[in-house]
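In the block that follows, a single chain appears as structure tokens, in the form predicted on its own.
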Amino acid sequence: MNYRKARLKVESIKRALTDEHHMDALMKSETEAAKRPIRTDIINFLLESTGVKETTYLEIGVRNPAHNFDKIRATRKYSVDPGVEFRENPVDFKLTSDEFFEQLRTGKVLTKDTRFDLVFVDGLHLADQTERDIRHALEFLAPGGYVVLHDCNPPTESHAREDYMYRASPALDFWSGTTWKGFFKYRKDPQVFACCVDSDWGVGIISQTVDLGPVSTVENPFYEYHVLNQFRKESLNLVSFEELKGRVIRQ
């Protein structure tokens, strides 16, 4: 690299370090990363709340199982991941979620009558895939079960970018993708109840039976981030963990 290119690179880095968007994203990333409880705690609480003696759990998008899967307290646990992000990929089904659900539907894996008390979706963080994962999970959900999603509350538009590999973003390596769009679609669906715990980048929860709150009345037909940002609480039904526990336990 010649001197002129090196100088331009240094100047661009300096601008990034003082740019308001970069500073805002950095601050919000630090704030979000420090929030508690994490998804593992929320999942274990929901599994315990079902009142089922022998629970069945499915995790989509595992990466390293030590981060979450291994800590989940369920009688039967199944994991699905194609192994794109974690080379070892020690999971039960080395498949995409679409492939897994299709094989489950035909009885090629497990049995066609398998039902899950909780399905945790943390796979490809793009809206169309998230929507399909939710739809398929609901199809195989046990009565009183939950669909839980990670990364439903991106703190800035940079975190909600579509391309994870764009590391020059103010959000750097932090990425929520467009998961929120898939979740928001079900916030508008009167056939389910949904809320989002304001912790660990937004833990979305969907139930067919437990009243987690009314459907969203926010109009955002084009799924624009600035509308989400303006009406964040109403769009996602943001609640604290204590509020979630109150809604679940009283039922």
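Note that the structure is a prediction, hence the values are computed from the model and not measured. So that there is no doubt, residue numbering starts at 1 and follows the sequence shown.
Below: the form predicted in complex with a small molecule, not depicted.
Ok, E85, E139, D92, E131: which has a heavy atom sitting within 4.5 Å of the small molecule in the predicted bound form?
Result of the distance check: E85.
Please determine whether F120 contacts the small molecule in the predicted bound form, using a 4.5 Å cut-off between heavy atoms.
The answer is yes: F120 has a heavy atom within 4.5 Å of the small molecule.
Taking the small molecule as it sits in the predicted bound form, is K28 near enough to touch it, meaning that at least one heavy atom pair lies within 4.5 angstroms?
Residue-level check for K28: no, no contact with the small molecule.
Indicate whether N153 is a 4.5 Å heavy atom neighbour of the small molecule in the predicted bound form.
No, N153 sits far enough from the small molecule in the predicted bound form that none of its heavy atoms falls within 4.5 Å.
Taking the small molecule as it sits in the predicted bound form, is H125 near enough to touch it, meaning that at least one heavy atom pair lies within 4.5 angstroms?
Although the small molecule is absent here, H125 would touch it in the predicted bound form, with heavy atoms inside 4.5 Å.
Since the chain is shown here on its own, which stretch among 55 to 63, 29 to 37, 179 to 187, 203 to 211 would lie within 4.5 Å of the small molecule in the predicted bound form, judged by heavy atoms?
Selected stretch: 55 to 63.
Every residue in D198, S216 and S235 with a non-hydrogen atom within 4.5 Å of the small molecule in the predicted bound form?
Not a single residue of the candidate spot has a heavy atom within 4.5 Å of the small molecule in the predicted bound form.
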